[in-house]
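Encoded as structure tokens, the following chain is the form predicted on its own, with no partner shown.
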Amino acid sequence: MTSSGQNPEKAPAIYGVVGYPVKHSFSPDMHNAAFKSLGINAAYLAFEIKPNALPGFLKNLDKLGISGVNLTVPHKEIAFKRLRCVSDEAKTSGTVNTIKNSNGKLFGESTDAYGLLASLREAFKLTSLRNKSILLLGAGGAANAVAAALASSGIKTLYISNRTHEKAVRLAEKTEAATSTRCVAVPLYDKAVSMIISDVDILINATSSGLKLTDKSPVTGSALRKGLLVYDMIYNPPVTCLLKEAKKAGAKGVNGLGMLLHQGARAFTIWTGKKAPLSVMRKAIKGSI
């Protein structure tokens, strides 16, 4: 007790986002607003950790007093390989984007697929993805995290296109085996992608192309078309090169802010056991733009 007879204020629980780079993340604003709104004594920070330093960082989460973290590029697959206890969703995707520390025991979860599906329905006013055809750009951690969920949502066909075609083939084969949904790997060059885009309802960018303002669109504007729904998982910058090309082509484009919101809300509930204040979190991330 203090000299005044009062108990000292309890230190806040520490959470955070781990990435490299990570300065672009809106997660601290979103989660700190959520903690404040519910009166939870906690703080959410950004930890910029190089990939080779991640295993040591995770090993010492308890010593550092960190109760949970989110993981972003390029750590999701590394974290999955380092954790002994993970959810079924994480096992399916081979990625982890959320870790809960329970007295030194780390539990890994993947909330990306949940976040993407919720955001797609919300952004494009879709009641269902049933019988839709989707082209997924990328075959890395982000694409692995959502491929099976997309294929399991009643869609007709999932096309996967990646700069390294062999990775697209492996992801398509793995996803089709796990879900029985038709999955096709497509070479990431204009002619092949253009042919597929003429047959799909939704294009989803799960590559990192667009994080830098100098990046080029992963597909050329001539490949896009009016009526196509274009979802870019990137949210900062809010208007990527792909979304600019989509607008020119008459397609409807949306960034990944909604995915950030919904995957973050699920992570919040995993950590706290409380329903996430979505309206508060949404306002916070919109204020970060």
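In this text, residue numbers run from 1 along the sequence as written. Not measured: the values here are computed from a predicted model.
One more form of this protein, predicted together with a small molecule, exists but is not displayed; see below.
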Inset, instruction - Could you confirm whether Ile99 comes within 4.5 Å of the small molecule in the predicted complex, counting heavy atoms only? - result: no
Inset, instruction - Could you confirm whether Gly115 comes within 4.5 Å of the small molecule in the predicted complex, counting heavy atoms only? - result: no
Inset, instruction - Evaluate Ser87 for contact with the small molecule in the predicted complex, applying a 4.5 angstroms cut-off between non-hydrogen atoms, and reply yes or no. - result: no
Inset, instruction - Could you confirm whether Lys156 comes within 4.5 Å of the small molecule in the predicted complex, counting heavy atoms only? - result: no
Inset, instruction - Within 4.5 Å of the small molecule in the predicted complex, counting heavy atoms only, one of 176-184, 147-155, 202-210, 116-124 shows up; tell me which. - result: 202-210
